[in-house]
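Read the single chain below, which is given as structure tokens and is the form predicted on its own.
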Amino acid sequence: MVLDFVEARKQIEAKDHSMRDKLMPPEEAAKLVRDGDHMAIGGIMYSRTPMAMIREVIRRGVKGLTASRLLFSFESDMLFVAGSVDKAVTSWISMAVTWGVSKIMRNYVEGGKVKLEEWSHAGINLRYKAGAMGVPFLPTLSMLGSDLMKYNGAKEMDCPFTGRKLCLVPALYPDVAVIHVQRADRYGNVQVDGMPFADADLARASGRVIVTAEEIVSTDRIRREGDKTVIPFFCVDAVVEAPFGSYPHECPGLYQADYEHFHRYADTVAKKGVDGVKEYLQEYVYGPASYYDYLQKFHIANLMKNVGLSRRLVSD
């Protein structure tokens, strides 16, 4: 990861910004994630998690990653146990509030196998925002007076205009971002329905950007709904068509998260701990030969049930 904001801006400005065909299979796109990279993950908790690409990164055996995300769900368990990630940068790690803080995270952090750098929700958001803006830091009132200031590298200063104490959060310039969305064209113009989270900032702050999309649509359609285009083509390096690319997590407006699957996963981890995650990886990551073999593990009837539940949420 580039720490100097001037060098980071130079690298981003020097990349190929041409409007070219970037559509490729997930196996090819995953090669853009390299050993030792800082990988930023789009979405939040179990919403629009790029599970299809995370699966490919693990299958490739990438090591030494720093992974950052606004809030992690159980994809962090998978990355830790697979040995892909050495450090996590985030404000929360939990499958969802219902299940509490990740037991696997506690095992790996308390055991010294993974480092954890914790920020407030506002703090991690602003770090991506600063990277997208190309500035070295941004000021905030968040985290002042908390113990987070002792451990995460934030600084304090007196505001030159008011004299009030401010927290300064350093910019994040990830090497690569992986983002899942509802639709994109083959050039990398990306549209999001619902909450955009920090994905636009991730795309502008990162040296390389991989987008997986539920649907690849024509550029004419993108132009007809230009207000939904949150990431433009010149930020993107790879586009992957991945229907159900966030499953068993959710993609708002298209399918709901598979909460029954979440319960089974949580029960397995509660009983078997790390060994339960290893079993999960074997069944859902290493075992299925292709992404479509992976989807078949969830059965079409179950997929369609969660499609129907999501449509009810947005239509009723």
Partner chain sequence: MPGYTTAELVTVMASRELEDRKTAFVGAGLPLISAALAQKTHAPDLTIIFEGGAVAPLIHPTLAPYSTNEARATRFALMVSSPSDLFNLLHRGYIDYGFLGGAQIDKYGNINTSVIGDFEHPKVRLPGSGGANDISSLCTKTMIVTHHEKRRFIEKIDFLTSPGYLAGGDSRRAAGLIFGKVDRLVSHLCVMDFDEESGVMRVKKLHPGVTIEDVLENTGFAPLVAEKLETTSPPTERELKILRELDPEGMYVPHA
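Since this is a predicted model, take the numbers as computed values, not measurements. Numbering follows the first chain given and starts at 1.
Just so you know, the form predicted together with its partner chain exists too; it's not on screen, but the next bit is about it.
Although its partner chain is omitted here, in the predicted complex all of 118, 125 and 144 have a heavy atom within 4.5 Å of it.
Between 110 to 118, 77 to 85, 211 to 219, 235 to 243, the stretch whose residues reach within 4.5 angstroms of its partner chain in the predicted complex through a non-hydrogen atom is 110 to 118. Of the heavy atoms in residue 137, none are within 4.5 Å of its partner chain in the predicted complex. Among residues of the shown chain, residue 170 is not one whose heavy atoms approach its partner chain to within 4.5 Å in the predicted complex. A residue is said to contact a partner when one of its heavy atoms sits within 4.5 Å of a partner heavy atom; residue 252 meets this definition for its partner chain in the predicted complex. Its partner chain in the predicted complex comes within 4.5 Å of a heavy atom belonging to residue 94. Note on the partner interface in the predicted complex: the residue among 44, 52, 277, 65 having a heavy atom within 4.5 angstroms of its partner chain is 44. Checked against its partner chain in the predicted complex, the candidates 30, 269, 70, 58 yield a single residue with a heavy atom inside 4.5 Å, and that residue is 70. Residues are counted as partner-facing when one of their heavy atoms sits within 4.5 Å of its partner chain in the predicted complex; in 247 to 268 these are 250, 252, 256, 259, 263, in sequence order.
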